[in-house]
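Shown here is one chain on its own, the form predicted alone, set out as structure tokens.
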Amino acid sequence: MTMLASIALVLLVLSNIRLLGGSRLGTLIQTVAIQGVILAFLPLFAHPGGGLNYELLAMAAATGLIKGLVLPRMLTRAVRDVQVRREVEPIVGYSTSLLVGLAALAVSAYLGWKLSPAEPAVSPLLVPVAIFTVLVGLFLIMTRRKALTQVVGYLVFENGIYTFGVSLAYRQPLLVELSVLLDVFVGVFVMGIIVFHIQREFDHIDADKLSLLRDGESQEEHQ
């Protein structure tokens, strides 16, 4: 089980790197969907007994359904509605983003080595990968202009937090995990509605341009 968990965590790292270097929204959404599938299997790999646990199976099914299917389909529909295909001019370029990602991975490995217990229950990679995923999510939120890309960053950020709890997944009540998934579902649903209305009103979804609205109002007041 530890070997399978380590393989899944390595795949999670590779998906994060792909997110940092990708510009097409369809590719980013597909990658987040892959992350959802990986996270669906992680609680099963983390179970120390390795036996059949119906709560873990239910949690894995719910995670795979919501993170791997429902949320990506909602984002794909939003991309189709707003007719935006790629992140054209990010605040930080893609080559620089990859370099920052490698630096974040090194920092995450160091912090994970400091924070991980002497005998980790799942894999020694769990805490470093969780930290790295959180950092990648925050980076996407802060350095991408399109609101949809920022929603992807929010999902990645939540995936990192979810990864932190995987080592204790077999001890946590199923209801708590499902409530977290429900929060994410509602959050992305609301974001999708907001993005759609922004596109309809202003013909773009560049989040940085929204700050100009207040400046324009101030100038009109002075005039």
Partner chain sequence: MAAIILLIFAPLLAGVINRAKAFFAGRTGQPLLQVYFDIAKLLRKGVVYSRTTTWVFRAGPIVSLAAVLCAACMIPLGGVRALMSFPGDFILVAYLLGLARFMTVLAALDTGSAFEGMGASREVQFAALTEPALLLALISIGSATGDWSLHEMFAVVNAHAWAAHGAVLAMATVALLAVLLVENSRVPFDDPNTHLELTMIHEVMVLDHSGPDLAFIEFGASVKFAMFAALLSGLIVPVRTGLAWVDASAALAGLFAVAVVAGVIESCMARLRILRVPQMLVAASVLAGVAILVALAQGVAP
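Positions refer to the first chain, counted from 1. None of the values given here were measured: they were computed from a predicted structure.
Separately, the form predicted together with its partner chain exists; it is not shown, and the next lines address it.
- Contact check for P124: a heavy atom falls within 4.5 Å of its partner chain in the model of the complex.
- Contact annotation: L105 falls within 4.5 Å of its partner chain in the model of the complex, judged by heavy atom distances.
- Interface membership of V13, defined by any non-hydrogen atom within 4.5 Å of its partner chain in the model of the complex, is confirmed.
- Although the partner is absent here, Q83 sits far enough away that none of its heavy atoms falls within 4.5 Å of its partner chain in the model of the complex.
- In the model of the complex, Y94, S95, L98 are the residues of 80 to 98 with at least one heavy atom within 4.5 Å of its partner chain, listed from first to last.
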